[in-house]
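The chain below stands alone, shown as structure tokens; this is the form predicted alone.
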Amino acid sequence: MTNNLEINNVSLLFSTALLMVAVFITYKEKLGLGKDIFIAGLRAVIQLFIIGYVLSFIFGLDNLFVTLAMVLFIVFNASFNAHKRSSGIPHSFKISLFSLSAGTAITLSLLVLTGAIEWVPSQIVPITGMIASNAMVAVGLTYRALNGKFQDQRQQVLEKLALGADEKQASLSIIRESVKTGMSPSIDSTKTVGLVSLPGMMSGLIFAGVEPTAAIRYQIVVMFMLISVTSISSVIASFLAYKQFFNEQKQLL
């Protein structure tokens, strides 16, 4: 199978026309997103070129501690972005960092121990990026659900507290719904994989010339690991974050 995966600078420049389509639509419909789209596109180009050179260096170095440092860097940044989506939940950065670290560590450990991947930079770093980014989205959705449901169900929580329930008992239905919200995107994408979409891992391998049946094996591992990390991170974040909605006297804020 012959493949030409090289994209020259001219083709890359012309691809910005795709971005201009989105900018045109947002201005025509007065959505006010033109500046955000432009900045997002510019940041993506700069960040991807920088990380490309960094990854080339890390892959060539193949050092255990440098690889581990890169993993921690990815998790830290994912945690910080999840924290920004918390809408003011106290200690959300610490909660995000702990939940994402736990989810990433458990999932990566299982993948390495089962032989699905090896501890080499070219495998560990991209897989960590996929794991942390999905966990980040899941935790962000969990925070949003917690904020919304504690506001919408405030009266029910107060009634449960008045009847003698503790904070956890009064919040359990909200916690469960928030975890479900955080896990839903991964579950939905797993249900439709191969029917609606050909995900990134599988598509990338096919682009690189790997037989589709072999690429499928890698994609199955990826889908399972994403469900794993979103479930772990969402559960931990929910059970730590719900306490922030109560004061020291166990009263709902």
Partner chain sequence: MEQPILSVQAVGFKAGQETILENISFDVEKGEIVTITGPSGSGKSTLLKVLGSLISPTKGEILFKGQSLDKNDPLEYRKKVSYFFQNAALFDQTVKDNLTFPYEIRNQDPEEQRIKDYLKKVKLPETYYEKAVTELSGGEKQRIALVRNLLFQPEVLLLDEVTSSLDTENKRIIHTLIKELNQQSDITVLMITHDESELSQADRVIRIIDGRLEEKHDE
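Since the structure is predicted, the reported quantities are computational estimates derived from the model, not experimental observations. Numbering follows the first chain given and starts at 1.
Note that the form predicted together with its partner chain isn't included here; everything after this is about it.
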> Heavy atoms within 4.5 Å of its partner chain in the predicted complex: does Ala165 have any?
Replying inline: yes
>> Residue-level contact is defined here as any heavy atom of the residue lying within 4.5 Å of its partner chain in the predicted complex; does Glu118 satisfy this criterion?
In response: no
> Is there a non-hydrogen atom of Arg144 within 4.5 angstroms of a non-hydrogen atom of its partner chain in the predicted complex?
Replying inline: no
> in the predicted complex, does Gln169 have a heavy atom within 4.5 Å of its partner chain?
Replying inline: yes
>> Counting any heavy atom within 4.5 Å as contact, can you tell me which stretch out of 136-144, 178-186, 121-129, 154-162 lines its partner chain in the predicted complex?
In response: 154-162
> Hey, which residues along 25-44 are within 4.5 angstroms of its partner chain in the predicted complex, non-hydrogen atoms only?
Replying inline: none
